[in-house]
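Here you'll find one protein chain in two forms, each presented separately as structure tokens under the names structure 1 and structure 2.
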Structure 1
């Protein structure tokens, strides 16, 4: 009983690479780094294990590409949220940034766990570390740029420290909201985020309560 070879279709290189990357990211988000084995990845991508090394020189290189891909996607989504605000009111833009960071699809358990799963590789491999720092600093710079335009901010150093604090609240709420979804009601985290950022900046962001 000679088992038949499975039929296949040739695909452009870029498409295959993306299939492999998204398969790896999905698996890592669902089951952690250990779930993203070569066989599981190629299974989900609809190909056979041997093909992985036709598009990436090793599994590690695929994982690196996947990390780069996921970070670029996240950055693009964040930037889009802020740019979507009509006009150039810095308060409205900051509020939009806070809101979009603290609700799906950004604030999601799988997203947080995916990020956490990469942390060790990020620390070890310089290439991934650079991506990590650039992404963090990129987001923070965007926050800082809008903060610098607020009337009562005294200078670049002041704006920088405000941005660090604002970024921290967002990150902390993102973390807690993502990992403990049952502990918060509805849009509670968004409201708390807006109110806390308002307090830190000493301004009233649209949508925040008068008091924290």
Structure 2
């Protein structure tokens, strides 16, 4: 009985934390880091400013949580698309991961603006740098885990090096496609990504220019 009551109380608190995080992200996407004041965040989340310390020890902690949330959510969305591929085809799973990383909701102008707003903090604050490293490795590990399933990959170090290169291609296309969507026609970014990743891996991913 007591365990059930504790779980019931924690759930609303987690929702409140997420509301504060998403409010901070929305404000930063709209007006940059300076727009995410404590007053604006709490107004957007619908709580009083005094309650913010019940969920976060400081505004800096909230901003760090928002950065981690934003980056981990993109990784989770890409991984979910790959995991949803029917069957046990590693090429299809990789293609799904590339595609989902280069289309909405992962590749959007708002996501790029958020990333750019956080980037100067990453270089200035050790705690933000640690989050950046952890979330970069989180996505790269998702890529590496799927690359390791390819029959011609010789081991973990080989898979890691390929994953670094694939991640770099995805990052570059994500940045340009999210910043200048009008410069690319239809699914052009996805197709370029699939073709480039295919060349790196020495395979033909479904949807790439080299697919037979």
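Positions refer to the first chain, counted from 1. Between two forms, the rigid core is the largest collection of C-alphas that superpose within 1.5 Å. Worth saying up front: this structure is predicted, and the values here are computed from it rather than measured.
Between the two chain copies, the one drawn from the form predicted on its own is structure 2. Considering the motion between structures 1 and 2, the entry in 94, 41, 114, 173 that lies on the hinge linking the two rigid parts is 114. Here the chain moves as two rigid blocks between structures 1 and 2; the smaller block's rotation against the larger, from C-alpha superpositions, is 13°. For residue 60, the CA shift between structures 1 and 2 after superposing the rigid core equals 2.7 Å.
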